[in-house]
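Single chain ahead, written as structure tokens, the form predicted on its own.
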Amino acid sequence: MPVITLTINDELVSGRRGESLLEVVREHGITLPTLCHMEGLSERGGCRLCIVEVEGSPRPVPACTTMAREGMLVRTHTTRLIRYRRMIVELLLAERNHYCAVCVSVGHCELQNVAAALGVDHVRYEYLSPRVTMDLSHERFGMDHNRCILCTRCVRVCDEVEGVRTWDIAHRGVRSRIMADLNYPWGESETCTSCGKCVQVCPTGALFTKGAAVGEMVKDPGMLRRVLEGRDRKEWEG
């Protein structure tokens, strides 16, 4: 793959043609927060936490969906970008009901970790406090819409890795909700294979294992990579 050079935070760095800015940035030890991104899944650019400034672009762009190009001038941690990231996290916290103290994923939540890393210790916006429900109809797993940030990792892993597309999004805007099949209770889904991949990639406590204590509800971020690499090696073929 041809090598390209670009400038990130006034430092000349190299990358490979076809890589995203997020990949190049992380390869050079620069930390960018993400919530919708997960290695092994298609990029969505939905959470906008990985936004960077690119010279010539009138507005910040998501690093995960922007391809690195020869000669790019990129800044990753300007005052404006940090302000935007904090604002995004505050809006996510205000949109649903994120009561960390009673969440099964407290201490293992990516949203919580990103908020802490950005110094978000309060929310300046009015909480919407929507009346949303939990779906406990599945035998092994539960869905708490209060914690969902609509990152769509569950939708993408179900479609792109498990290949059944049980999950999708219903409605629009602040009324958007993750739904199983055509908005049936999860336990009544005729497509769900109960593989649990959606639970493992969920960054918050929105998808969880029933009966799991807080200390047990640790997600396994390496699961997806092991599955994909195992398929490449045809480990499960007879």
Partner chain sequence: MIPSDLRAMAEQERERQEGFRCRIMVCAGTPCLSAGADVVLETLRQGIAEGGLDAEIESVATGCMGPCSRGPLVKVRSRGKEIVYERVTSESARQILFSVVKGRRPPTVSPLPPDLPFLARQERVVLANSGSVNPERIEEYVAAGGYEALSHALHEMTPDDVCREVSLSGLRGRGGAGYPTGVKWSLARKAPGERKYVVANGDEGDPGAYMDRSIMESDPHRVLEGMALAGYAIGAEQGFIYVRGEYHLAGRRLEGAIRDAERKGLLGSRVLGSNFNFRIDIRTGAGAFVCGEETSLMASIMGKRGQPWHRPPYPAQKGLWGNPTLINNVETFAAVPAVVGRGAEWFAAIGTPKSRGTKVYALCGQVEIAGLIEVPMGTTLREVVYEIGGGIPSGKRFKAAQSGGPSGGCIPASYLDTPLDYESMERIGTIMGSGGLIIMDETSCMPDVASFFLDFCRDESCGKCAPCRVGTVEMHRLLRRITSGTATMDDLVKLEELCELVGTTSLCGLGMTAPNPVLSTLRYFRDEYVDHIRQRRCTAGVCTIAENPAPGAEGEALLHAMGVPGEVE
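Residue numbers count along the first chain shown, from 1. On a predicted model such as this, the values are computed, not experimentally measured, just so you know.
Here the subject shifts to the form predicted in complex with its partner chain, a form of this protein not shown in this document.
Across the options 184-192, 44-52, 198-206, 24-32, residues that bring heavy atoms within 4.5 Å of its partner chain in the predicted bound form belong to 44-52.
Checked against its partner chain in the predicted bound form, the candidates 112, 146, 76, 166 yield a single residue with a heavy atom inside 4.5 Å, and that residue is 112. At a distance threshold of 4.5 angstroms between non-hydrogen atoms, residue 138 is out of contact with its partner chain in the predicted bound form. A residue is said to contact a partner when one of its heavy atoms sits within 4.5 Å of a partner heavy atom; residue 213 fails this definition for its partner chain in the predicted bound form, lying far away. The closest non-hydrogen atom of residue 131 lies beyond 4.5 Å of its partner chain in the predicted bound form.
Interface residue remark: residue 159 is not counted as part of the site for its partner chain in the predicted bound form, having no heavy atom within 4.5 Å. Annotation for 185-208: no interface residues with its partner chain in the predicted bound form [heavy atom within 4.5 Å].
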